[in-house]
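Before any questions on how it binds or moves, here is one chain, the form predicted alone, in structure tokens.
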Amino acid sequence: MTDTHCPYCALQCAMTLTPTGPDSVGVSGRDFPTNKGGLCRKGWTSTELLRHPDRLQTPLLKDDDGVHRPVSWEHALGLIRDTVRKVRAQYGADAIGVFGGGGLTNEKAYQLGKFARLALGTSRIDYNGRFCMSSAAAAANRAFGLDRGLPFPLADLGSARTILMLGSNTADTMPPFVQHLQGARDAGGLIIVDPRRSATAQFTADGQGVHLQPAPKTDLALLLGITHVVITEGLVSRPYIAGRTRGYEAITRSVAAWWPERVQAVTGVPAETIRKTAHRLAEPGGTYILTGRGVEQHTNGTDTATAAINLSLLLGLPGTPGSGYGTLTGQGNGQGGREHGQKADQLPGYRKITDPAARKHMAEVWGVPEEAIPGPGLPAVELLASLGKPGGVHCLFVHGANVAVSAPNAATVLDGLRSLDFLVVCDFFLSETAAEADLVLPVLQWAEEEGTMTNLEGRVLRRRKALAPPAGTRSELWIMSRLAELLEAPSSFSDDPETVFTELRAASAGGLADYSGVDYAMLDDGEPAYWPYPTGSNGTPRLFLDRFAHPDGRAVLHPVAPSSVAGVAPRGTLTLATGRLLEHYQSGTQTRRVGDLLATSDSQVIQIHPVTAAGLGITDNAEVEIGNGRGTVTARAQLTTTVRQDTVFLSFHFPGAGNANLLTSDETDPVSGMPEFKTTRVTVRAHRSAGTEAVAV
């Protein structure tokens, strides 16, 4: 038996893998503070993918006819070496790009950043966490001086009397999480903010909480309205504000114009509900404020997350035992993946790449001159926009991401991929991005490798090998170390995860995300390890108990305001929101290959209100076209009152004509680089074959 953790979301549910044959394992839930023995459908079926018939088992090179044909590893690596040298000589080192993923282990994420900067010599590296956590991270760094999704153990939520959750549907995205909401629900204090009546919002029924259903992209105004009440009605924690924060006066001025009645007019949430929400949050007994992608994946996502933090600070929650603020990391290693070097602007330990002290430290760890480390690169959307362009990226490496489906304005991204001189994709299935690749390298799956992950609480966990990988596959650490050797890179590159982790510990030492006191032996013994965990410490399960991470130890209240007030959608359009389904994960590359999951959800579905559908001549289960200037998506209609009449919902798990990101905009948040995924203007009509030209009215 092998104790490990689920390969999917950042909850990182504990599981045990048990041999069921010479080349197969079964899965069972394992008692652990995050999942308490439970698993979701994806976790229960995760082992079905380990020996799936679609599994890639040899390098594949695309020939002149566009067909992928097997080649040897020696040929594949030699071709990469020659191509990198050619592209660098012709265009410069920044013509090489690297796109990473939030599902990579800490070891792979760390070495990928090092590989990009030292072996390839490029600054052009970023990852798909830019589509997930970047706004929340920017807001936390702005306010606290440090970004850790949950700055407290998840189990702390169980004692809360009130939980305000904005823009997160955990009942579908990480089902075992919802048991931690039960205490607040029993106390009638579960408050869910979501334009949809999601599965999580439905937990508030029967007097066990409140569902606030604001108009799309008005979450910031709603938070300012609640904050206005907290300030004007004497609910501020004055001693906390005086002793632990700065910027209070500016906040009072910034929310003065957002009285509840005005906010009602903007959001549709009744003024009296806004007042009651503020008072409930201020009641004693334990209060937590949590945010998710629904309020963050906007062009004002950083400001919206900042507004939620401001509210939590005014109430005295962060760093107070039994209360707090946090954001829910999505991808399996979304936390660790953004800490150790695959972001465009960061070095390991959550260090800024522009910080001279950070560059000096990394140069010493890597044994290279400081000038050998490139400066900041381009955030993900800009990186993808540069593909094939003059002065842009001409050769791209993709690890742990499926940008052909997951990136905004996906048709443009697909054009960019096809315009590259050379595209290398590391994957274990032929994803839609891998299908475009000149060279596909088959890599290991989760149960075939060793390593560490960092879950949504900032807890470092051990991933353990349970069975041997197929003979033709290789670990990404091996690939990077062999290529570094072929490219005559400075420093050393290892294919041994523990060796890489030991170097990561040294690289992170003294940084905000300090892992230096963590080692494999500790994790194998089951000791909890929450970063920062400097050598000689016991780690930090709860952050900010005494001080925040700014030099003066205080949190910063940062005034924010909507750049424009969202209004009614233009005549003839609806607002499209995107998100996840219970059965699927990310771009669906894995979960669409699991029979039991696909049987429940096998194609794109648009959720649309019955009143809206009636006006468009759309019936339940009918084929529908959703379009705008960027593209057209086809889907089957699901009539439901869980969505507003001005809103429709698509998941982002499906490719081709069902790819919701054909419609989304690549406009980004100016602070975080987060794309606008949640509010896209679209027209909706019955499929043309039905003979109608009806549009939204």
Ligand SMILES: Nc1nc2c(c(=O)[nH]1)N[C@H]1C(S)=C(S)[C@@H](COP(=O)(O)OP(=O)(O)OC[C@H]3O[C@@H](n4cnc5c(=O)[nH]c(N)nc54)[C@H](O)[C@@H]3O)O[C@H]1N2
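Throughout, we count residues from 1 along the sequence that is shown. All figures in this text were calculated on a predicted structure; none of them were measured in a lab.
Keep in mind that the form predicted in complex with the ligand is not shown, yet the notes after this line are about it.
A.B. asks: May I ask you to choose, among 162, 481, 237, 198, the residue with a heavy atom within 4.5 Å of the ligand in the model of the complex?
C.D. replies: Among 162, 481, 237, 198, a heavy atom within 4.5 Å of the ligand in the model of the complex occurs only for 198.
A.B. asks: Using a 4.5 Å heavy atom cut-off, which residue among 113, 189, 588, 326 comes into contact with the ligand in the model of the complex?
C.D. replies: Of the candidates 113, 189, 588, 326, 588 is the one lying within 4.5 Å of the ligand in the model of the complex.
A.B. asks: Within 4.5 Å, heavy atoms only: does residue 625 come near the ligand in the model of the complex?
C.D. replies: Output for residue 625 is no: heavy atoms all beyond 4.5 Å of the ligand.
A.B. asks: Taking any heavy atom pair closer than or equal to 4.5 Å as contact, tell me whether residue 216 reaches the ligand in the model of the complex.
C.D. replies: Heavy-atom contact with the ligand at 4.5 Å: present for residue 216.
A.B. asks: Mark residue 450 yes when one of its heavy atoms lies within 4.5 Å of a heavy atom of the ligand in the model of the complex, and no otherwise.
C.D. replies: Looking in the model of the complex, residue contacts with the ligand do not include residue 450, since no heavy atom lies within 4.5 Å.
A.B. asks: Classify residue 399 as contacting or not contacting the ligand in the model of the complex by the rule of any non-hydrogen atom within 4.5 angstroms, answering yes or no.
C.D. replies: Judged by the heavy-atom cut-off of 4.5 Å, residue 399 is in contact with the ligand in the model of the complex.
A.B. asks: Which one of these stretches, 504 to 512, 576 to 584, 372 to 380, 223 to 231, sits within 4.5 Å of the ligand in the model of the complex when only heavy atoms are counted?
C.D. replies: Correct option: 576 to 584.
A.B. asks: With the partner absent here, would 104, 108 and 292 each sit within 4.5 Å of the ligand in the model of the complex, counting heavy atoms only?
C.D. replies: Yes, each of 104, 108 and 292 comes within 4.5 Å of the ligand in the model of the complex.
A.B. asks: If we check the ligand in the model of the complex, which of the residues in 630 to 656 reach within 4.5 angstroms of it by a non-hydrogen atom?
C.D. replies: Contacting residues: 649, 652, 653.
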